[in-house]
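In structure tokens, one chain follows: the form predicted alone.
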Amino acid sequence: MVDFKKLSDCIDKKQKEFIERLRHAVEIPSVSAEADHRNDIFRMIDWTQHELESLGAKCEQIKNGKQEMPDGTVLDLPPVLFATLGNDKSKKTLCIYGHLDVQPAALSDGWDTDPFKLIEKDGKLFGRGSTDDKGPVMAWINAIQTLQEMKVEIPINIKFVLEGMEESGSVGLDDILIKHKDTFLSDVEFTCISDSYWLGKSKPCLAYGLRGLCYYCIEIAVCQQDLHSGVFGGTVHEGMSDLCWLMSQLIDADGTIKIEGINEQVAPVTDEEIELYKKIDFNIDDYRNDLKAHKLVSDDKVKILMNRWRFPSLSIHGIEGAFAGPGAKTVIPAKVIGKFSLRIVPNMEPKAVDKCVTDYLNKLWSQRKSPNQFKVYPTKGSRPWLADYKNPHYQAGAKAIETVFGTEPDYICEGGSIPVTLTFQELTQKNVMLLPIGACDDMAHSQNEKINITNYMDGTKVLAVYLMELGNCSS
């Protein structure tokens, strides 16, 4: 096992070099949602391949077909980068997943600094992708480089799967992974993903569960074109009134989902789970203050955490076709589309949820007795993911965190969805672990995204120790 003090000192001495690596990554504007930046994703993948090859990794870019954009433009999808470091049949193999694309960002969005320049201020590194997910990917490279320069033999083989379309739905990734199930993924014993965040700002954690997502549209058509409310108001059945009435029947003020049959699908909560939630380091007042929320749905820590991770939630996202600009516009929309989603949990399946949602809304529509045209339809669905946090793989992650931070991690779930997590678990039939290094206030997807220098550097140390711990880990 590596001497941790020497490892820690070595990483600390490389702080400037490691920040420069992240700076180079952040300053490539690899925005997957914008056609103008598609070439930047290719450039980001090429640059990362060079970084991995400098460590001795063998890399291959897997072609990923074409993508039609909303305006009809057809673009090449960026390839998925496969990399292999080590091919010792006597060693187990770790698969590391990460993504190299980022969310759109511009100074005009409200950033304090250029989002595609890494700016160091007050111990923080600001820039798009600094924490989601370029910072963690660079931390993996930093960790491997450090161990190599210390002449420490890494006790496992390492494989990377790095994509450039995660922020746009991971287009094509599942097909590529399925195609390579019996080749590239065939010897994978563990999968680790660092694309999530600590629950708080000071205590590290390991995540073992994610909610799935089911997204829906309610479409109501009134007439051929928008109408003047002064001329036509009172003569037609208005679609916005229908839609607002329907959407008001989805959820109560306290967050209770009113759709019949939804809560019956949820896996029963065990006493063991409740005890695990009680132990989690979570301050409910700090959480509310960070959100600048007037009040939460409960003052009970366990209830709030379970509402975030363990139980389904319903969110209404918006209405397409209605006037949403500043000022007043006296219009009756010809067609409106209401959008909402359900975050789903074990044992919920998207198809069963879809049936409950459509049956419920069709029943409501029959009660409304409106002559307008109505339809409800799902647009996407992903299943929840749950791993065994008692698996030796998680013990290796926990030991790494204890070594670096001197404390046991909290075991948490996440309310969001990372569908590829379930894909890796099902294809490899092996344990998958989420090992975050960023803090809860990193503001991924938002203005002024950042990663703390301490999280970046200590995260590099955790990943390095974790690689060594896996040498003694049974799958």
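Keep in mind that what you see is a predicted model, and the values were worked out from it rather than measured. Whichever C-alpha set is largest while still superposing within 1.5 Å between the two forms counts as the rigid core. The first residue of the shown sequence is 1; numbering continues from there.
The protein also exists as the form predicted in complex with another copy of the chain; that form is not presented, and the subsequent description refers to it.
S.K.: Among 216-224, 165-173, 102-110, 117-125, which stretch has residues whose heavy atoms lie within 4.5 Å of another copy of the chain in the predicted complex?
M.R.: The contacting stretch here is 216-224.
S.K.: Taking another copy of the chain as it sits in the predicted complex, is Thr235 in contact with it (heavy atom to heavy atom, 4.5 Å or less)?
M.R.: Output for Thr235 is yes: heavy atoms within 4.5 Å of another copy of the chain.
S.K.: Answer with yes or no whether Ala293 is in contact with another copy of the chain in the predicted complex, where contact means some heavy atom within 4.5 Å.
M.R.: The answer is yes: Ala293 has a heavy atom within 4.5 Å of another copy of the chain.
S.K.: Quick one: does Arg343 come within 4.5 Å of another copy of the chain in the predicted complex, counting heavy atoms only?
M.R.: Looking in the predicted complex, residue contacts with another copy of the chain include Arg343, since a heavy atom lies within 4.5 Å.
S.K.: State yes or no: in the predicted complex, is some non-hydrogen atom of His393 no more than 4.5 angstroms from a non-hydrogen atom of another copy of the chain?
M.R.: Output for His393 is no: heavy atoms all beyond 4.5 Å of another copy of the chain.
S.K.: Which residue among Asp286, Asp252, Asp182, Glu260 has a heavy atom within 4.5 angstroms of another copy of the chain in the predicted complex?
M.R.: The residue in contact is Asp252.
S.K.: Counting any non-hydrogen atom inside 4.5 Å, which residue from Val231, Ile178, Ala267, Val74 sits next to another copy of the chain in the predicted complex?
M.R.: Contact residue from the list: Val231.
S.K.: Thinking of Leu55, Gln61 and Gln148 as one candidate spot, does another copy of the chain come within 4.5 Å of a heavy atom in every one of them in the predicted complex?
M.R.: The answer is no: none of the three residues contacts the partner (heavy atom, 4.5 Å cut-off).
S.K.: Taking only heavy atoms into account, state which residues of 333-370 are within 4.5 Å of another copy of the chain in the predicted complex, ordered by sequence.
M.R.: In sequence order, Pro333, Lys339, Ser341, Arg343, Arg368 come within 4.5 Å of the partner.
S.K.: Determine, after fitting the two forms on their core, whether Lys258 shows a C-alpha shift of 2 Å or more between this form and the one not shown.
M.R.: True for Lys258: a C-alpha shift of 2 Å or more.
S.K.: After a rigid core superposition, would you say the CA of Gly123 moves by 2 angstroms or more between this form and the one not shown, or not?
M.R.: Shift of 2 Å or more: no.
S.K.: Taking the rigid core as reference, does the Cα of Leu342 move 2 Å or more between this form and the one not shown?
M.R.: Yes, its C-alpha moves 2 Å or more.
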